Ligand code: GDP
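Here we start with a single chain on its own, the form predicted on its own, put down as structure tokens.
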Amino acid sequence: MAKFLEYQGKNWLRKAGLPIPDGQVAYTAEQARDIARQFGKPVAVKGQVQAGGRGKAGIVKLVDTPDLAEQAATQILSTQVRGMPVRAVLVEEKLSIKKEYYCSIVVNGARDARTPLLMFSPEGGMDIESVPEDQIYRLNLDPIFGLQQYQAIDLCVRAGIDRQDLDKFTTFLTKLAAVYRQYDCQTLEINPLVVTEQEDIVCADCKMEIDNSAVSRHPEFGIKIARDFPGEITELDEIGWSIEETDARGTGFLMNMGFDEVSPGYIGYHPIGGGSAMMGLDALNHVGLKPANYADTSGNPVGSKIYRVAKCVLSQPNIDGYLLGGFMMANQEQWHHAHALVKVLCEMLPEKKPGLPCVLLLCGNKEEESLAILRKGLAELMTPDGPGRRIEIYGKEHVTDTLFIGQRLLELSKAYHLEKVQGKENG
């Protein structure tokens, strides 16, 4: 799912006519102070990161003065939440809260439903996970007609909403359901949904996630990559997306896996298919090596697409090896992989990564021809003193032997890493 930060989601709620607090985003502590000064009243300073539990993580602070807002922002902007740095804060008016509610719409993937699911609770806030089941009221929404007014009224009555408040709650819920559909959301969560002392309903927080498949219908969102990421989008992620976006012939998937470009033991990882991917990870885990990235070239892609993926994988700085993990008897014609690997290794190894360990496991349709292409095309590199001296090529005899493949990579990568260290010392 394409995910928005809180301030981004709130901007889209505001454009759709839903009530949000007045606020502005700041990227420095000084900006946070200036925004708080503009408000001239107490504010909330809220770290912007795609992770739940921000309140418990200490990156949501209520302050009374601009100087305190600057101090809070300084602390928050130096924080990481689940490994993700906080690069911005939302400074918004402090609400006078009378009561907090919980409201969300998600996809109900149950076999007998497969429809949007509205969940509403009179017990909102940080500890929503601990709210008893009987205090969370659910309603499957019609995917065509959405939430009807009478359904919203019935849900609110079951949740114990006072009669005099039914109109504003049902109006809010029906509008929220319409926004969910309008923006092609997979998740739209408001927690807390606040009733202020002035009896106004306000979306105090917002979690919005858009269906990846619908991103092309919403150029206004400015989403670069319609794909899920565990953290910030990297340059490798953007390049990988461009490969898949511009060439639909087979799969050419590529994304970052948290590679820090400093620690040893990272391997450029290039599996062929989902089953191969799991077995290749098993090979690396067996011996304590780590994948720098995830990739996939399956579904019989053309050689040019495989070449682009492989070159991206090999271009990552400070990797200690490269694994082409064909841990499955693929029915695609493997000579496309063979031709692509010959071209990219002949380009990359001599000048940019001489001696880099490359373990190539390739089997399946046209296996013998493909292995012959690899051995012949890489022969000049694979001489004892050549830039491809640590290339090893395997076929179906090791298709399930993850421990062997992992051990070969480990032994080769240790020698390569030592060579790099000695080279730096001598240089």
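Everything numeric in this text was worked out from a predicted model, so none of it was measured. Start at 1 with the first residue shown and count on from there.
If you look for the form predicted together with guanosine-5'-diphosphate (GDP), you will not find it shown, but the lines that follow are about it.
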property	result
Partner-proximal stretch of 191-199, 214-222, 145-153, 349-357 relative to guanosine-5'-diphosphate (GDP) in the model of the complex, 4.5 angstroms, heavy atom	191-199
Any non-hydrogen atom of Leu62 within 4.5 angstroms of guanosine-5'-diphosphate (GDP) in the model of the complex	yes
Ala44, heavy atom within 4.5 angstroms of guanosine-5'-diphosphate (GDP) in the model of the complex	yes
Any non-hydrogen atom of Arg114 within 4.5 angstroms of guanosine-5'-diphosphate (GDP) in the model of the complex	no
guanosine-5'-diphosphate (GDP) contact at Arg54 in the model of the complex, heavy atom, 4.5 Å	yes
Partner-contacting position among Leu323, Ala204, Ala340, Leu176 - heavy atom within 4.5 Å of guanosine-5'-diphosphate (GDP) in the model of the complex	Ala204
Contact residue in the model of the complex, from Met257, Met278, Ile97, Met84 (heavy atom within 4.5 Å of guanosine-5'-diphosphate (GDP))	Ile97
